[in-house]
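Just the one chain here, laid out as structure tokens, in the form predicted on its own.
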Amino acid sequence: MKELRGRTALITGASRGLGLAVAKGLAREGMNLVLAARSRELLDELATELRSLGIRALVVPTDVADEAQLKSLVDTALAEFGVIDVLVNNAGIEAFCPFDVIEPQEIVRTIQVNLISALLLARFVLPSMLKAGRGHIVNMASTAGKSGPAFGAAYGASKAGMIAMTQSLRVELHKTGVSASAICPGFATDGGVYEIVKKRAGRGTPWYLGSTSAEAVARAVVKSIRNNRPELIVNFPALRPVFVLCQAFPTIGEWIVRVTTRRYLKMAADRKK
């Protein structure tokens, strides 16, 4: 979808972090926005700011863990704009904790918020996208979905599911005018769940893990829509060669992930207990 100006995007988790940066990035491209999150106050503040750019912004407070609210969100967006050209499944929560002590309900909620909401929203928007003959679904996954980190089984599983979902949709929707992309940020220094992990650990990420920024993620979202990219890993230094190595040599890959994530994420997990 080369031309974004005048199109409409629905963004979940839009009130803060990566979602806020993505909303601003799409607004600068001239897209009208449907902003969804639980906090109406924060959404209203963002909508007021973005309308100054000359775009329309609709606020729809939504708990993405509630299926009925997801359906209502899509219905409200379609009633207002007639079409949803882009869906950005950004809402997410972290769940870094030793797996032997994590509460079962936290596992369920992590999968519900991070993955099931994305699947349901994609299901709800697809009929209108297919009817219009155009559309793009952006799934905010994570490098944790490429190779599961220590103390992040539930979180990594939810993000790996988003990547698999994207791959399936791309194959299924080929030549329909509708497609999907997965964005895989690394540790975001100024937004996203990794900001929470950084605060809990009491220090920034080790140099060898690298990092990214909310602005870089927002640029990747625009790039993925415009160029129909299957997947973008947003991190410096580049991690794709590492993930290729992990896939080719699983034993070596396991060692790399253990060495690079276990100590840092253990500090965050221990402070959560």
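All residue numbers are counted from 1 along the displayed sequence. Predicted, not measured: the structure shown is a model, and the values here were computed from it.
The protein also exists as the form predicted together with a small molecule; that form is not presented, and the subsequent description refers to it.
In the model of the complex, the one of Leu119, Ile93, Leu173, Ile111 near the small molecule [non-hydrogen atom within 4.5 angstroms] = Contact with the small molecule in the model of the complex is made by Ile93 alone.
Contact assignment for the small molecule in the model of the complex, among Glu215, Glu29, Asp63, Glu45, heavy atom within 4.5 Å = Only one option qualifies, and that one is Asp63.
Choose one stretch from 151-159, 100-108, 78-86, 125-133: the one whose residues place a heavy atom within 4.5 angstroms of the small molecule in the model of the complex.
-> Looking at the partner contacts, the answer comes out as 151-159.
Might Thr261 be said to contact the small molecule in the model of the complex, defining contact as any heavy atom within 4.5 Å?
-> Thr261 lies outside the contact set for the small molecule.
Ser39 near the small molecule in the model of the complex, any heavy atom under 4.5 Å?
-> Heavy-atom contact with the small molecule at 4.5 Å: present for Ser39.
May I ask you to state whether Arg16 is within 4.5 Å of the small molecule in the model of the complex, using heavy atom distances?
-> So Arg16 counts as contacting the small molecule.
Is Ser142 a contact residue for the small molecule in the model of the complex, using a 4.5 Å heavy atom cut-off?
-> Ser142 belongs to the contact set for the small molecule.
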